[in-house]
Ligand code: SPV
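This document opens with one chain alone, in structure tokens, the form predicted on its own.
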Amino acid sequence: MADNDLKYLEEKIGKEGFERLKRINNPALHSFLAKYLKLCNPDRVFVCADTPEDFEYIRQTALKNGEERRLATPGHTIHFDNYGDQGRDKKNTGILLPKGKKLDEAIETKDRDTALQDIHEVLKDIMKGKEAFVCFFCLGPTNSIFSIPAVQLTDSSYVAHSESILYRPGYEEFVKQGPNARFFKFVHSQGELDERKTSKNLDKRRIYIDLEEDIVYSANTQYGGNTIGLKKLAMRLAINRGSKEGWLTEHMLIMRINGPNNRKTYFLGAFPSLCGKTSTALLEGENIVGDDIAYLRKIDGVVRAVNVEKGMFGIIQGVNSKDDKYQWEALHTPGEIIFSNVLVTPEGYVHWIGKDGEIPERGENHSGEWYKGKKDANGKEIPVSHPNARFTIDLRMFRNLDIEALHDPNGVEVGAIVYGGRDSDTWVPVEEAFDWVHGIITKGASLESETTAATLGKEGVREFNLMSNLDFLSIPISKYIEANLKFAEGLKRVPKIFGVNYFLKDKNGQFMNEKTDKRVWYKWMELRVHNDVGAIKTPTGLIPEYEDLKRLFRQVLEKDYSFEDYTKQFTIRVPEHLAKIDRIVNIYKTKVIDPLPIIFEVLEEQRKRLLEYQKKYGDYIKPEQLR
């Protein structure tokens, strides 16, 4: 079979491309490529070996075929997705499961036999008349215990271009690992295109994840979340693999907090969408390592983590010069950036929802030709850019990048893990868990986030999203939580766990904190990691002393912090906490298969503490009462 595969590939690809494939001594790779090139049947195949000329060829092809267009700023390009292809397609995305296996109802699944038959029918001859790109990448740093090689087969030069910005080159990693490479595989076709060069047959959109073969299939879609397979789609493959091997794949940023005397402490953070994840990763005065996905391993008794990526596929809505200093600067610098689904002015500049300055009168955006007041088929006004409009950028364009940490094959030592959601009335702005188990269960596995009017049209609905990873799980929820709980076993240094809340409101519905206040919360957490400051014990965790925050507000933000504000923000809201425990317990009892008993034990212990404190201090407990 191996000889037949090589013979077919030589005929299909041509001499230069074939020689590149032959350098990789991996029959499984050759078999995979032969199978799907036969099925998809492109006219031409380009094999990328990660040379500067190869990447330039992909960039130029995206411009020539109209998937991208040049903008006025050198290096900047624009890409549009179909008007109906602007986000992750949950309905047509699924984990493929053999008969007899099942996952929790929150996780989308498909019958494996039926889905494979379906996707193979959809993919048959789908690339006919087109050029296919075979690209090799590495998830995590190369030459590392974290490295996972990945191969992408796509007929979209935009997808190939995006991935070359977002991921480390992997061709030499494949050559090095040879027959030992346990690689992830991705097959994508954008399908038939319309006159705007966007995917036409959205009714045949498919995104399937096959855990048994480590293959992701994606068809009739261009939106990055459905097509950039190495991102959230690969997360499902990695979560499944890690659960069998004792390491974790988390939907987490990695950042460096700079402590006293040039001390460097690395934090991980998990936040659902629109909860401040990217702004936290790019916090002024600190250093970014990654904004989205982390692999965690135990090495020599400590937790170490790497950023799976080297770039950012970021939401651009709301990015402005005041709140997003580093992003704003990078997005206005000449260099390789792909903007998607924003407005392009006639002069070739871009505008998006929440950008500084006046909204242009007209231009082109995700809806085609656009002008102020333009309405869709339902009479709803079309905004200047799509709320999910994006930018693809290399992290090197951010001047606060910790580049050594980004590419360290050993990863960074994790000092703390932070969980945060959009919460108007329960969690205090920052709180330390009592220990690892308490933190995983009451902060991570109990994470909720309130919807916003901008996203669903109904504000304040709490959505359960454990560890901010619910949408990407490929194993049972209980198994995932158990893996997190067990991860601390045998560690010499256990990372501290914190909960943060940037969205606490007063009785009038006003936010209690400024956006920049989070800079203080992280400085306080960094001090706590090293036991440099004390804390007040509450029934739900450990909160800051007023004097420590007062000093930090002056040092970090050069502003006063009143005792009145501290008291309002750090009051323990007992009724709200009790209601949250009821909600979470109900979810685990009714929505989760075989929930872990320890979840109910830890939450019940927290309930008892809250009731004891309530009896002694009342419903709303001020920090000064607990000193």
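Note that residue numbering begins at 1 and tracks the sequence as displayed. A quick note: this is a predicted structure, and the numbers were derived from the prediction, not measured.
There is another form of this protein, the form predicted together with this ligand, and it is not shown here; the text below is about that form.
With the partner removed from view, the residue among Tyr171, Phe146, Phe186, Phe313 that has a non-hydrogen atom within 4.5 Å of this ligand in the model of the complex turns out to be Phe313. Only one of Gly94, Gly225, Gly276, Gly259 comes within 4.5 Å of this ligand in the model of the complex through a heavy atom, and that residue is Gly225.
Using a 4.5 Å cut-off to this ligand in the model of the complex, not one of Lys264, Lys496 and Glu526 places a heavy atom inside that distance. With this ligand left out of view, the stretch that reaches within 4.5 Å of it through heavy atoms in the model of the complex is, among 114-122, 228-236, 176-184, 432-440, 228-236.
Residue contact with this ligand in the model of the complex: Lys298 places no heavy atom within 4.5 Å of it. This ligand is not drawn, but in the model of the complex it has a heavy atom within 4.5 Å of His251.
Though the partner is left out of this view, His366 does not reach within 4.5 Å of this ligand in the model of the complex, counting heavy atoms only. At the 4.5 Å threshold, heavy atoms of Arg88 reach this ligand in the model of the complex. Contacts between stretch 99-118 and this ligand, counted in the model of the complex as any heavy atom lying within 4.5 Å, involve no residue at all.
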